[in-house]
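There is one chain below, alone, in structure tokens, taken in the form predicted alone.
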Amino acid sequence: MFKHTILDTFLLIVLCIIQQYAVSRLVIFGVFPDIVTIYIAFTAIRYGQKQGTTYGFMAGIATGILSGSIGTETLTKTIEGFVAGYFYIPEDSHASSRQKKQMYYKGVLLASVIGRVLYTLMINVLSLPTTLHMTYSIGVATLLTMIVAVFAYQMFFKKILVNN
């Protein structure tokens, strides 16, 4: 377990750096996918709610330091990890690979939506964005994040979740 914690923490920090300096530059329709949210949700689904919340907090601190909005990032990433933890799949679970895939997608979707809603409300609190703008921003960002989540599942996470 300790070996996995060190590796997951290192990977999380690398993903935070990639998110800030590469993925955030890939703006599509004014928003970008969030690979850190995908990894936080994966960690929460794999290890549970406490671990997901902890990794969310660490990711929030790291992305907050890199982006300059430490409080907002820390709060949203922590809540994302907490919410995704509701879809935890225990190691001794007899869930089929289809059920594990569904739990992964549900966890990423809910974490992404809740995180994006909180972030949009807190970052734009003084500009009072219209409901249409918020819906568009949240919807497109969640869609992009889910597209990347499907790709990540097919390429990497499927092997890990199915073997658990």
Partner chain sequence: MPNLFKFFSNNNAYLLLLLYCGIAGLLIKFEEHYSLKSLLSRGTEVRATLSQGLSEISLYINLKQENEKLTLQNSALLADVIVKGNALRDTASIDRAASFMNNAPVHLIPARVVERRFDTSENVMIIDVGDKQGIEKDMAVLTPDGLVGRVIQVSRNYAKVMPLIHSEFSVSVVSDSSNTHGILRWNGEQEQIAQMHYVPLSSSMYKREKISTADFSTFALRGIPVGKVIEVIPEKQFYRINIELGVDFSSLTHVMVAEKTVDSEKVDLMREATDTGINSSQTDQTNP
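Bear in mind that the values here come from a model prediction, so they are computed numbers and not experimental data. Residue numbers count along the first chain shown, from 1.
Just so it is clear, the following notes concern the form predicted in complex with its partner chain, a form of the same protein that is not shown.
- In the model of the complex, its partner chain sits beyond 4.5 Å of every heavy atom of residue 119.
- In the model of the complex, its partner chain lies farther than 4.5 Å from every heavy atom of residue 140.
- Put simply, residue 87 is far from its partner chain in the model of the complex: not one heavy atom of it is within 4.5 Å.
- Within 4.5 Å of any heavy atom of its partner chain in the model of the complex lies no heavy atom of residue 106.
- Of the residues 110, 66, 95, 134, just one reaches its partner chain in the model of the complex with a heavy atom at 4.5 Å or closer; this is 66.
- Look at 39-47, 26-34, 98-106, 55-63: in the model of the complex, residues with non-hydrogen atoms within 4.5 angstroms of its partner chain sit in 55-63.
- Of the residues in 66-83, those that come within 4.5 Å of its partner chain in the model of the complex through at least one heavy atom are, in sequence order, 66, 67, 68, 69, 70, 71, 72, 74, 75, 78, 79, 82.
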